[in-house]
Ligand code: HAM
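The chain below stands alone and is given in structure tokens; this is the form predicted on its own.
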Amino acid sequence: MTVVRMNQNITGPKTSPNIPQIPRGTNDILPQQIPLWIDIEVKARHILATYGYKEIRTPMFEEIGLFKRSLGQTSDVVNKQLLALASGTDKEEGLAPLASLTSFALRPEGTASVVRSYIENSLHKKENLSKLYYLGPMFRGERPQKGRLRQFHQIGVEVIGPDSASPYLDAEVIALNVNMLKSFGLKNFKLVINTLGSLEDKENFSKILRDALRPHLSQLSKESQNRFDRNVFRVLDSKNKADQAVVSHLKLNYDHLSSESRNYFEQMKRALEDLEIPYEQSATLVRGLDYYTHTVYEITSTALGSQDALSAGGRYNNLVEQLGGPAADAVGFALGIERVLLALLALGGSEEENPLGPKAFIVALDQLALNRAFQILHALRGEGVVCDMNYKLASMKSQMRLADKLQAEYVLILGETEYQKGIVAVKNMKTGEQQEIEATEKNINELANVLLMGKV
């Protein structure tokens, strides 16, 4: 698989301010890049189907309260990165616009919306285990940089249900994530795992962590000092060098875990080993969202530089009930499509890829031929032949040059002689071979078969 260079707009406008500009932190996915995105999506859908997952599509925006309740009031996503919208109730209802404003935000991740849909649509009444996946854009109002955009695209899975609390399901989700990345052509990535234990274990861990960090509080960055009371776990995954130096000297272990949590984690690791999936274990690996419990993991690639995460996920057993739903455990992950493409490029993919050209390109040499070429074009399309033409008269040379640029397999030449005979001259652009084939209304099916079967 080859890869197009990602045109990520992370620095702002580069042309005249009078010309409309793409918003900073977003990028256009151009036609020559689309085949690569489709390739990723097709491979993902195939492997998801083999694992028994079904697609779900949720709105691109939700009430802000959903994200505050699920992601945590102290998370960076909620405090710094939500792209909020303001929308009023229809004025015809007689409400003053300002009095009726309700706050919404573009979705920063997929889990909260999927869980909201699971609860609202009572999916627990339809099946004991809902295995769901989604593909689409997410939005975060953060400082754009390579591999970190304000609009980015994810493929994610969520397994929700009263029967989902199994270490084997955690291992399956991780295996699915690993195998999906391999199917894209990635290799030499690293899987790091950890456990946070139950909610009670997490609370014990937060106390132990604060006690360990308190003597070094002055050495931490200002941001980590603020996180110390609000969300101490975020100190562990800080990218600040001073913070990393402090964390590296902490002697963290798993004393805070209950015996049940220890056994769960050990079973999950054995399941990964049975599947021959290599991993590293790190007691400092945490996720920045409040809903995680038990298993957490991250898959990284050195090909991405500082923003090295390809995908991440874990278990969140309490979120469904926290949002007002039934007792249901859950586990899932999300991977970044832009990150995958950047990693593939860094690993040797070429910078350009053209989409597959048309099967046939029709060259018309005069006005009568142009009229007939237009009819043949649409008749062939009706037979499933991908074809195109120049929609105005031009020289034979320029039209052949255009057919070559489009990478057409065949050129159908139609001039005065061909028009009078009811034929087209079909040229194989690869071999140069040419033959005349009838192109009447009755024979269009045979012409289409010749092109589709590659008989010229």
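Please read these numbers as outputs of a predicted model, since none were measured by experiment. Numbers for residues come from their place in the sequence shown, where the first is 1.
From this point on, the text means the form predicted in complex with histidyl-adenosine monophosphate (HAM), which you will not see here.
Taking non-hydrogen atoms only, residue 301 never approaches histidyl-adenosine monophosphate (HAM) to within 4.5 angstroms in the predicted complex. A residue is said to contact a partner when one of its heavy atoms sits within 4.5 Å of a partner heavy atom; residue 197 fails this definition for histidyl-adenosine monophosphate (HAM) in the predicted complex, lying far away. histidyl-adenosine monophosphate (HAM) in the predicted complex comes within 4.5 Å of no heavy atom belonging to residue 361.
Although the partner is absent here, residue 158 sits close enough that one of its heavy atoms falls within 4.5 Å of histidyl-adenosine monophosphate (HAM) in the predicted complex.
Checking 264 to 272, 365 to 373, 189 to 197, 139 to 147 against histidyl-adenosine monophosphate (HAM) in the predicted complex, the stretch whose residues place heavy atoms within 4.5 Å of it is 139 to 147. Using a 4.5 angstroms heavy atom cutoff to histidyl-adenosine monophosphate (HAM) in the predicted complex, none of 202, 283 and 317 count as contacting.
When you look in the predicted complex, the only residue of 124, 287, 216, 256 with a non-hydrogen atom within 4.5 Å of histidyl-adenosine monophosphate (HAM) is 287.
The partner is absent here, but in the predicted complex a heavy atom of 111, alone among 224, 293, 130, 111, sits within 4.5 Å of histidyl-adenosine monophosphate (HAM). Using a 4.5 Å cut-off on any heavy atom, the residues of 314 to 344 that reach histidyl-adenosine monophosphate (HAM) in the predicted complex are, in sequence order, 314, 316, 332, 333, 334, 335, 336, 339.
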